[in-house]
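Given next, in C-alpha cells, is a single chain: the form predicted on its own.
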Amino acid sequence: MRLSVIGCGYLGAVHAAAMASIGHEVVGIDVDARKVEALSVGEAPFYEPGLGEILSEGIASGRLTFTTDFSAAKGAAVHFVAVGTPQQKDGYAADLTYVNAAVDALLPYLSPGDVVAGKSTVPVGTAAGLAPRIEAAGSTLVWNPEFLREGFAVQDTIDPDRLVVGVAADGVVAGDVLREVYAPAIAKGTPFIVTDLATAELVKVAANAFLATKISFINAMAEIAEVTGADVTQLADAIGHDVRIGRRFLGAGIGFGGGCLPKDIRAFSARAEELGRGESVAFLREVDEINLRRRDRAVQLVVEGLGGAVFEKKIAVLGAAFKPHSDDVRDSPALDVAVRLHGLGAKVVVTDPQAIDNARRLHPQLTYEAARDEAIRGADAIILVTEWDEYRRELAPEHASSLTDGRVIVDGRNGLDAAAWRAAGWRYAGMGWP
C-alpha cells in the first residue's frame, strides 16, 4: 500500500521507516526541512536502536522517501497523523496546534475513500471534532494510538503487543484498511482491537496513567520504607509475585520522565476537568507530585552523603537521558537532579552515552563529559540516575575506587549491588532502602 506519515518526529519517523520495512511504499512529510534532509539520507535525528538500519534500507529500496511538500500525500491510501501534542505553556492541557495544522495541510490532498489515521496522543473527544472536516473531503478518520517504548520503538511498531483502531459507527471499511496495513503483525497473532473513536483515544492515556500510577505507588512505598527501615526492593519483589500486581514497573527510584508520561497524565487531568469529571482522575495529581518528590529525595541523599553541604564538591551524575537506550532529555529526572545539585553550588559533571548533545542544548550551565571514567575521576560523590548498562552492570566499585577517593554513591535507580559497593568501602544510599 502507499502510505503517508504526517510528522516525522520520534513517532512519525519510526512509523514511516517501520511501515516501509514491512513492504509498504511510504512518504514521510514534515515542515522541518533540516529534519527531512537528515532522514532522506538515512540519518535519524535522534537515537533509537535499529532505526538507522531500517531507514537506510527503506531509502535504498525506494519504498521510503521524505519531503516538506504536503502534495506528496496525494495518492496514498492511508495518511497517518503522527505530530506532537506537547503540554500547553500556560497549563496542563495538551496543545493540539500541531494536530490541527497537520489536518489543515493534508485536507487539500485527500481523495474520496482515503483513510486518515490519527496516531498522536490526544484528549478524548479530539477525533470527534476532526472527523467532520475529513469526511467533507470524502475521507474517513480512524484513531490508531501508538504504544511505543523508547529504546524498543522499532520492535514495538513492527511486532506490537496489540493494535487498537477506533472507528466511527460507519467506519468498518476503514478499519479493514488498517487490517491490511498491519497484515504481517496480525498474521503473527497480534490482537487487533476495533473500538469507537473515544475508546481508542482513552486506551492510550489510560495505559500511560496506569503505568505512571504503578511507578508512583512503589515510590510512595519507598517514602514509607525510608522512615521505617524497610527495604522497598524486597517489598516490590514480594508483592510482584501476586499475578494481579506483577513485578514490572515496580522499580523504586527517582521516577518517570520523558515526553509521554508526565505530559499525558497532566493532559488527562485537564481533560477530565473540562468534562466535569475531574474527581475521577484526581489521584493523578498525587501521582505527579510523588514522582517529583523523588527527585528532591535523590538530591537530599547526595547532600546527606557529603555531610550536609555540596558547595564546591565535584559530583558525577551518571546519566542525562530520561531512560536508557534513548537520547531523550524531555522532563528527564536525571537532568533535573543535576540542575538542582548545580543550583546548590556543586561542581556537577554529567555523562551519558547518547544524550549529552541534547542535554547541553537544554542546560548549557552544566559540565559534560562523554567518558564515564573521566566524569568519575576525582568526584566527591557519584549519583546513578539513568540505568545504562555501563553504569549499572559494568561499573565495578573497585574500579570506581581507583578513580576517586570519594566514597559516596547514591543509587537513584536501585540498580547497583549495594552489598558489593559497601564491601568496597563506599557509603551507599538507595531509594527506599535502610
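Just count from 1 along the sequence shown to find any residue number. Since we're looking at a predicted model, the values are computed, not measured.
Form predicted together with a small molecule: not shown, discussed below.
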Fill in the blank from the handout: in the predicted bound form, the residue from V303, V177, L211, A93 with a non-hydrogen atom within 4.5 Å of the small molecule is L211
Completion exercise
The one residue among E201, D336, D114, E150 placing a heavy atom within 4.5 Å of the small molecule in the predicted bound form is E150
Handout entry: Location of the small molecule contact in the predicted bound form, chosen stretch of 357-365, 98-106, 72-80, 201-209 [non-hydrogen atom, 4.5 Å]
Key = 201-209
Handout entry: Contact of A137 with the small molecule in the predicted bound form (heavy atom, 4.5 Å)
Key = no
Handout entry: Distance check, H15 to the small molecule in the predicted bound form, heavy atom within 4.5 Å
Key = no
Exercise for the section: Answer yes if any heavy atom of I215 is within 4.5 Å of a heavy atom of the small molecule in the predicted bound form; otherwise answer no. Expected result: yes
Handout entry: in the predicted bound form, F192 touching the small molecule (heavy atom, 4.5 Å)
Key = no
